[in-house]
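Next comes just one chain, in structure tokens: the form predicted on its own.
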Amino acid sequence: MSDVQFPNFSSKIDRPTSVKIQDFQRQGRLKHIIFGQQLTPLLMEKLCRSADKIRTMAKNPDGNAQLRNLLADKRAMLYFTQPSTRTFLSFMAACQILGITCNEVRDPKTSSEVKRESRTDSIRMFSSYFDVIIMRSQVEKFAEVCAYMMNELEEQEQRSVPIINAGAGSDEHPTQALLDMYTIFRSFNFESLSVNVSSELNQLKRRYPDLVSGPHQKTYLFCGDISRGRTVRSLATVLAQYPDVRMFFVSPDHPSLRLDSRLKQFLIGADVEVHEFASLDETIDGSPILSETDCFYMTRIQREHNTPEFESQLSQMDLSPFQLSLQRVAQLKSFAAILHPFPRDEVVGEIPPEVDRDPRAMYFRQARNGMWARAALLVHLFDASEDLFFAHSKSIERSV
């Protein structure tokens, strides 16, 4: 489908992702963010440090003022032609924190596309007025194509701006993976487990002797709409870069929902231990899978993608084995993080509201983390990390 829509870029689109991501780097820094695999462990560490500094500075008026001056000379186009609430507002807030002026297109009917202008012409036109284009589209591979177009313009010494994939069709959602990883980092950011250990961490080590800080050596459970969940795909490809990671995929046994064979082969090729289950109540090596889980990642069934035939089949399915009830939450480890990219389905109730009170429920913090993580990404794309660190140090000096 993408080859038909963008024939001039088909040779680039058809390459392996591991090859393509080289086109989106610049001297060890991101030029565009299109795929989850671009978020390497080293880059994630840098972005998390920046996000921490931004959130610290935002807590006081002086820090806020410095942040608003950081990128005050930049302008952002939020081209969101696929419905979005959290991602759109999160990026809008991130831009405002950094002083970036924003404009938006939420409906292509308000642009010249109604006059039969091509999508790529629209994006190139936006690049004439703005310094970054943040885009969410239901058109497969569109963000990737726009990044290639910007690269070609740069090679021709014409104006080129960063492209941020904020969700492209059923492809990927790398900035969701970014905020998910930031939440995981903060959830598993245990202080030293051997020197001056707090009482709480002492207790954790006694109960979980193999516990380490960081995303590695963890078991991640993904539940729900696995095959169509671009958030699952993006996060799994990022986590696959960390050592000793195990992944459980729990979904109804239907080809539209269970783990996609291409993602499964990618993960196995990255030395990830992969297991598939048809219920949250299953066991592995005699232990409940929930008791083995360090991070639980729930997704809703994406009914908006259903055909009438599949919707009829789905209405006959028992989805209770995929709901995180309080009884199932009780089986999780005491430090386990419960994540959800939202929105959640209030009818199906994959995570019922009563779970919200559990201290392990991180999904509302996860949503807020998107604001800080995406602000850190913008700082990185505009090569302003040193300016941020300098402003942060000044903010600390003034507060002392």
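So that there is no doubt, residue numbering starts at 1 and follows the sequence shown. Please read these numbers as outputs of a predicted model, since none were measured by experiment.
Not pictured, yet referred to below: the form predicted in complex with a small molecule.
S.K.: Give me the residue from R136, K218, K141, K74 that has a heavy atom within 4.5 Å of the small molecule in the predicted complex.
M.R.: Contact check passes for R136.
S.K.: Just give me the single entry in T87, T237, T81, T183 that has a non-hydrogen atom within 4.5 angstroms of the small molecule in the predicted complex.
M.R.: Residue within 4.5 Å of the partner: T87.
S.K.: I need the one stretch from 227 to 235, 125 to 133, 282 to 290, 264 to 272 whose residues put non-hydrogen atoms within 4.5 angstroms of the small molecule in the predicted complex.
M.R.: Looking at the partner contacts, the answer comes out as 227 to 235.
S.K.: Quick one: does G36 come within 4.5 Å of the small molecule in the predicted complex, counting heavy atoms only?
M.R.: It does not: once the small molecule is placed as it appears in the predicted complex, G36 has no heavy atom within 4.5 Å of it.
S.K.: May I ask you to state whether F342 is within 4.5 Å of the small molecule in the predicted complex, using heavy atom distances?
M.R.: Yes, contact at 4.5 Å.
S.K.: Hey, in the predicted complex, does Q302 get a heavy atom within 4.5 angstroms of the small molecule?
M.R.: Result yes; Q302 sits at the interface with the small molecule in the predicted complex.
S.K.: Decide whether N165 counts as a contact residue for the small molecule in the predicted complex under a heavy atom distance cut-off of 4.5 Å.
M.R.: It does not: once the small molecule is placed as it appears in the predicted complex, N165 has no heavy atom within 4.5 Å of it.
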